[in-house]
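We give structure tokens for two forms of one protein chain below, kept apart as structure 1 and structure 2.
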Structure 1
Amino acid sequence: MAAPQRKTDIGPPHYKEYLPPVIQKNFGDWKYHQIINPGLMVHVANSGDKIWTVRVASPRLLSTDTIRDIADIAEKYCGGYVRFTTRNNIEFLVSEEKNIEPLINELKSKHYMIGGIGSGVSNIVHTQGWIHCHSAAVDASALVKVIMDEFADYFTTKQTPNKVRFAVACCTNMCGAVHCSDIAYVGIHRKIPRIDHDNIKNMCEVPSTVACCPTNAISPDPAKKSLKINADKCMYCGNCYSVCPALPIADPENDGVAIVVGGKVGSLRSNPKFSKLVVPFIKNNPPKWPEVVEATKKIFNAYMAGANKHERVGEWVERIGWEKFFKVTGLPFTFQHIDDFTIARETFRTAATFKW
């Protein structure tokens, strides 16, 4: 059978067609919401109408079998209406209160993980990793899986002083807001790219490859019709590999994970913050990266022990000071922690007021 007639430049369907009737009716007229438990919240409109949301975890990578199951469940209890959050959770939108309990029972019987609302650990924002990316220095989905398994109770039942937002980026390209997360992981290389001189002239544009380097470490090598890399300037970001496939940088012996903490995107109480480096490198150890989980537990446990109510990780660290953060977590402080990139001098301590 021939494919149907294509159309171009139509954009997505209008969102109104996809909103449950109770949302269409009360659009922009909500009065308040209440978190009943980490898996269930209710929004109440000025009209008195209510909509309940049941949230479940998702690995983001979904098979069509699972999507059909989600659709079946939504049809049974939600009039077919379901949405996803920006953190890849699934939200079942329930208009009739009597459907909440049977929905939750069915989700439980099918081993969906219910939770993620309020002050706890929600789903992890992450990138493609080894599943589908050429520049990944680490897998992403596996890190998400082992971290979420470790902190699962904080998704389903237990509370934290405030939200703890994890993120994973499989290389420094950071496809996702890793640079502003409470605790985040980023794939790191530690050796300069290898130069495939034979292929540079076929596969790469020399000027754009030279221009893409953040530290000006790349220069043309006219004699070889190729490129040179100044090893003293290269900090292994891999941007050149994205521009020029003849500069491979993946290295099973030297690739791994850095951990950055203390970022946030909301403006509540304090302005949005970048995440800062606390663990410069942990060697890749698939399939379960146990050393990454252990280092994360040190950070998470110190936060749980030290933070005041409503403090995000970054707010807690700023209150106690970074010198104390390294003390209470026991994480070693190294040369890699001291910035020497574009904003380095802004990070030096220009006062003698610090803690022992």
Structure 2
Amino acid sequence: MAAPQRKTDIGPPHYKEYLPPVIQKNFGDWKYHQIINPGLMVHVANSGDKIWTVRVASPRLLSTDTIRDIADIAEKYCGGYVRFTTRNNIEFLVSEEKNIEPLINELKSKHYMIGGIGSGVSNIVHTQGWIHCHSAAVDASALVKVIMDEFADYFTTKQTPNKVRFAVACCTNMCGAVHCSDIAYVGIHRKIPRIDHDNIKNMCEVPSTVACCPTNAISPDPAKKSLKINADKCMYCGNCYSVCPALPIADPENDGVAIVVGGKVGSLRSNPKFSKLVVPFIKNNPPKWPEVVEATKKIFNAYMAGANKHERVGEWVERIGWEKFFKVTGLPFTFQHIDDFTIARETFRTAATFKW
């Protein structure tokens, strides 16, 4: 006789435990789904069962009060079934059609922004920024706020040729999906960390600080009982500051933002793409970052005016060519845009859509 399976706290529980009963019943047996409007989608199973998704935006950083409010709403209308997407959208999974309208009305009354389904701007995935991250070169949360304020209509009502995914990473360690988003922003440091020689011996372990540098730019300085940094090797990632607080890298005069475009994760119509640099640097100008917003509008408006239906930003750029991209956007082309990185893609079959 087999021993009963004991419960442990090792690893996450199986995701199927948290699926609504309608989804569990019809798992893998769906007929179609239909986007009713940018905030509402219905999924229809071959059995005739239906379940609706109501999507709203959320900030990445949530208070406990907001999370409790979301849970209470889900409990009231969805049997407690709610999920967060990878882009920080909140999806309420409604099994009873009669609950859809009351749910939407309550969300509107509490000023939740409903939308984000289909061809349009989704919620922005971003990193911690100045709120939590000590190596941040830009305040990701604030930058997301001003960008989403500008493009909120494309989340709620207006449509784009295909979905447009924004992302913000507050430094080049890039905890966000900047490398694979349509329009994205990377916080940039431009000066090597400052060395607080007096506190190195009190706050840092020299071996671990030397080992943490990915480019081997840090080495011991026995004469000062401290560390030294090879400026030619430093790539301004700020990783050393995470290990050694006596190596601060934040610099209000030299930190800022780079803009990259054309990335995507999906394999539909074309292979996944890495984002490419289009604006090398814009100095931080909080709290509204007007220069970053203006550059974004140039890229977005050119895409809206020139893209074919179903084209992602990267596919549009590849069709018209990068020379024309810089012409229609009015962005300057500089030496930083020269891409000399090469990889034998075909030899090593690095695309997600390769065939043997």
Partner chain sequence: MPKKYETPMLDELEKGPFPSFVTEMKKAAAKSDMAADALGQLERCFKDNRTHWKHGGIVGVRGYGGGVIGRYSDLPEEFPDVAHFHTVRINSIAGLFYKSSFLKEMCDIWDKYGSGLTNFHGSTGDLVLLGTKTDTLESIFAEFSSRGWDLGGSGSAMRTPSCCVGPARCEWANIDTLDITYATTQEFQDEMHRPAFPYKFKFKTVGCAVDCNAAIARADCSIIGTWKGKIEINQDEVANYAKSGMNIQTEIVNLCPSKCMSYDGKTLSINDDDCVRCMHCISRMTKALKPTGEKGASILIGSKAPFVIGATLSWVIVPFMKMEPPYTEFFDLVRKMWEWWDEHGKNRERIGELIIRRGMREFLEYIGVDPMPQQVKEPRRDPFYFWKEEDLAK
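Counting starts at 1 with the first residue of structure 1 and goes up one by one along its sequence. Values in this document were obtained by computation on a predicted structure and should not be read as measured data. Throughout, rigid core stands for the largest set of C-alpha atoms superposing within 1.5 Å between the two forms.
Structure 1, not structure 2, represents the form predicted together with the partner chain.
Put simply, the chain has two rigid parts that turn between structures 1 and 2, and the hinge between them is at 188, picked from 217, 188, 212, 130. Rigid-body rotation of the smaller part against the larger part between structures 1 and 2 amounts to 15 degrees, from C-alpha fits.
Once the core of the two forms is superposed, the Cα of residue 195 has moved 3.6 Å between structures 1 and 2.
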